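The form predicted on its own is given below as one chain in structure tokens.
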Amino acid sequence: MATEFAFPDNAAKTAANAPAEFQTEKMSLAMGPSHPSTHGVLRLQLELDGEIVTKCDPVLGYLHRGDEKIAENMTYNQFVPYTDRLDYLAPLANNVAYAIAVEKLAKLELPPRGQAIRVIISELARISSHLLGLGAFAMDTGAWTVFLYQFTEREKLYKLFEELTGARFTTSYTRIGGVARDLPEGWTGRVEAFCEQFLPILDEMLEMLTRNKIFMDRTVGVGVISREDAIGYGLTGPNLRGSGVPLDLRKDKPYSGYEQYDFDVPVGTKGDSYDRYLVRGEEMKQAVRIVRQAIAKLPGGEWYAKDAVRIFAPRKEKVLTSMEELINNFMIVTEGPQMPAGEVYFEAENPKGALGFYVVSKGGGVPWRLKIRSPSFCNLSILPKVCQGNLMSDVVAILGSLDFVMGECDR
């Protein structure tokens, strides 16, 4: 008579207790670097016991470009476009984090209008980034429609970004000491119109998943990260808040005037893939709330610091009509803006987590050392622990719930 053996719900922990006829040798399997569920060129070297992951080793570096060393051979201004290529789903927010770090070194203080503009673009970037993360996560777990919905909404955002910056993807809008240009006439009204129509569509997208039986089976109780592990592994952003840690730099260490705005910090309770999904969904609603407040309170005045004339390139009409401005332009372009010696560190609450820039200056127009604290890199450090003991199919859901970008992970 054949012995019946059925895996219980928590199949991941029962393989070792299976009858001998079900036990097999472990297999080593490379998942990636060209795998659609690794969200870029990430390779996971998996050790499998049947369908159960017994070991997971992330292999990074396929997208390494040496950004930090490049920064040490460029002027401070020249490195701004390179920050676009970190989390390339939120380039507007990357620019802001880098600019504030250098402004701390230069002891520059932005006027209120410049700070409000940065808040607006950072929150719009958060919505754009979370939308793609949501769509990719849904597709990883078998839901295709959400992916189409979010791309439609991101296209509307990209039109707003193009109108503001002249580019859709790599915007390079922020400057050290301000932003490249003031808001176009009527742009804030179009942003408000986007927010108005976006919230019902967001609710519709979330309704497709939140009580969807298949999605819940793929995510509830899968990839659980405890509060202690989330802190110990250096997780930040939605992945940390999904584990019940209410840390948000916009609240705890406010910058760019975030202390003026009223918004909530959503947190999870179980720390599973489902909680991380819920946190990102609510964060998009809170981002809309911040954008509306920033537009309502948008002050007049300049959008750049007064002292930024020693950093900004002068306007073209001044360069063509003034010898002093021509010389100033020549020096800024060739030698870079002259910064004092010192070292600074600043991190911003980016969509993926805390994006930090550590800048060391020995004076002059080029940083002596620059180090980037990329949230995706730190968030991926939990993979060996969180994947172990799960089914291989669950690895796909775990990766989608972590919502990383290899551009900033490898740098």
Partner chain sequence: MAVIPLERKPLTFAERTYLPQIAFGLKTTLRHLVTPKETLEYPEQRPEIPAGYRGVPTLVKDPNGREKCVSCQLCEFVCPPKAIRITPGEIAPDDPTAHVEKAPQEFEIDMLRCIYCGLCQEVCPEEAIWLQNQYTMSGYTRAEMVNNKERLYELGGTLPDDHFKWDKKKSAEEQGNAH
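Remember, it's a predicted structure, so these values are computed and weren't measured experimentally. Positions refer to the first chain, counted from 1.
Just so you know, the form predicted together with the partner chain exists too; it's not on screen, but the next bit is about it.
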Selected contact from A308, A167, C195, M139, since only one has a non-hydrogen atom within 4.5 angstroms of the partner chain in the model of the complex = A167
Partner-free chain; cross-checking the partner chain in the model of the complex, the single residue of M216, L298, L183, L108 with a heavy atom within 4.5 Å is M216
Does any heavy atom of D275 come within 4.5 Å of a heavy atom of the partner chain in the model of the complex?
-> yes
How about S226: is it within 4.5 Å of the partner chain in the model of the complex, going by heavy atoms?
-> no
Distance check, E302 to the partner chain in the model of the complex, heavy atom within 4.5 Å | no
With a 4.5 Å heavy atom cut-off, would you call I290 a contact of the partner chain in the model of the complex?
-> no
Proximity to the partner chain in the model of the complex (heavy atom, within 4.5 Å), stretch among 86-94, 313-321, 111-119, 129-137 | 313-321
Within 155-176, the residues that have a heavy atom no more than 4.5 Å from the partner chain in the model of the complex | K156, E162, E163, T165, G166, A167, T170, T171, S172, R175
